[in-house]
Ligand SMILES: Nc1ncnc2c1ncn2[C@@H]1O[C@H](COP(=O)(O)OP(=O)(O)OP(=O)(O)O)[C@@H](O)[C@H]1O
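Just one chain is shown here, as structure tokens, and it is the form predicted on its own.
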């Protein structure tokens, strides 16, 4: 089988952008080559494609039988992750992962929370502000502090800094102004949850859907208002411990996995996904966001760390995603 691998690679620098995290979601050549190397062990022919305006012509010229997609898309649109799958559907090329609708919904944290809430998964209390009608003087003063301020359409902790927790109305006003100016999209303000941050990895579809494990993100230094910020992810070796499995009671794990499966199905995820939660003051899992296109870096990705912590090799992880997709597609 000729397999195309489509992704966005980091450039030498993200120039002419408002923020230094513009390409935070993009991948390195090492990730692309690592995935290709795993698939090549099964005697597949591997062809690499970049997500760009030239992609349609490239796919037509060197048409693959199947695409292993992990392209994040450029820009700030909440539809950016859906572009490659939508193009592949137009061209009739089967691909791995979720469809355009799920990728749009997964990237829009506000919409995702509404959908998973409808199936009984707990979500944080909060509000959403849009750049079009944003007015500092209109911010309600009845928020229960502390609160987290973050862009609504980003992944990889883009726009979520160590300073993203507001403890007063004055801090909230300042953070909202800063994030609104830096990111051309709605901004979410939601309650700060004091418990452990945990992410859950899932692979499969339908009756074959499997929770492969979960990972606790535990700060190395006690912090009353710890968040999994951009700075933490960039300096993870010195800032956090990754515990797989999480150090939580069995009943909490059971509720966590049940909520992850409900969220996966409600959002229409396919083949694989990572679902992020935070425990509240009562040790109940609260949905934070869904990642239907999780990172697959063999060393640093949360999805890969979950698999590794559960005794999986990187090869097993990539082949399991590939096999889930090909089985679903009947290939």
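Positions refer to the first chain, counted from 1. These numbers were taken from a predicted model, which means no experiment stands behind them.
The form predicted together with the named molecule is left out here; the points below concern that form.
Colleague: Looking at 145 to 153, 172 to 180, 245 to 253, 91 to 99, which one sits within 4.5 Å of the named molecule in the predicted bound form if you count heavy atoms only?
Modeller: Of the options given, it is 145 to 153.
Colleague: Taking any heavy atom pair closer than or equal to 4.5 Å as contact, tell me whether residue 288 reaches the named molecule in the predicted bound form.
Modeller: Judged by the heavy-atom cut-off of 4.5 Å, residue 288 is in contact with the named molecule in the predicted bound form.
Colleague: Would you check, heavy atoms only and a 4.5 Å threshold, whether residue 190 touches the named molecule in the predicted bound form?
Modeller: The answer is yes: residue 190 has a heavy atom within 4.5 Å of the named molecule.
Colleague: Is there any non-hydrogen atom of residue 278 lying within 4.5 Å of the named molecule in the predicted bound form?
Modeller: Because a heavy atom of residue 278 falls inside 4.5 Å of the named molecule in the predicted bound form, the answer is yes.
Colleague: Flag residue 126 as yes or no: does it have a non-hydrogen atom within 4.5 angstroms of any non-hydrogen atom of the named molecule in the predicted bound form?
Modeller: Output for residue 126 is no: heavy atoms all beyond 4.5 Å of the named molecule.
Colleague: Sort through 158, 83, 74, 239 and report the residue having a heavy atom within 4.5 Å of the named molecule in the predicted bound form.
Modeller: Flagged contact: 158.
Colleague: Flag this candidate site as yes only if 197, 228 and 274 all have a heavy atom within 4.5 Å of the named molecule in the predicted bound form; otherwise mark no.
Modeller: Yes: 197, 228 and 274 each sit within 4.5 Å of the named molecule in the predicted bound form.
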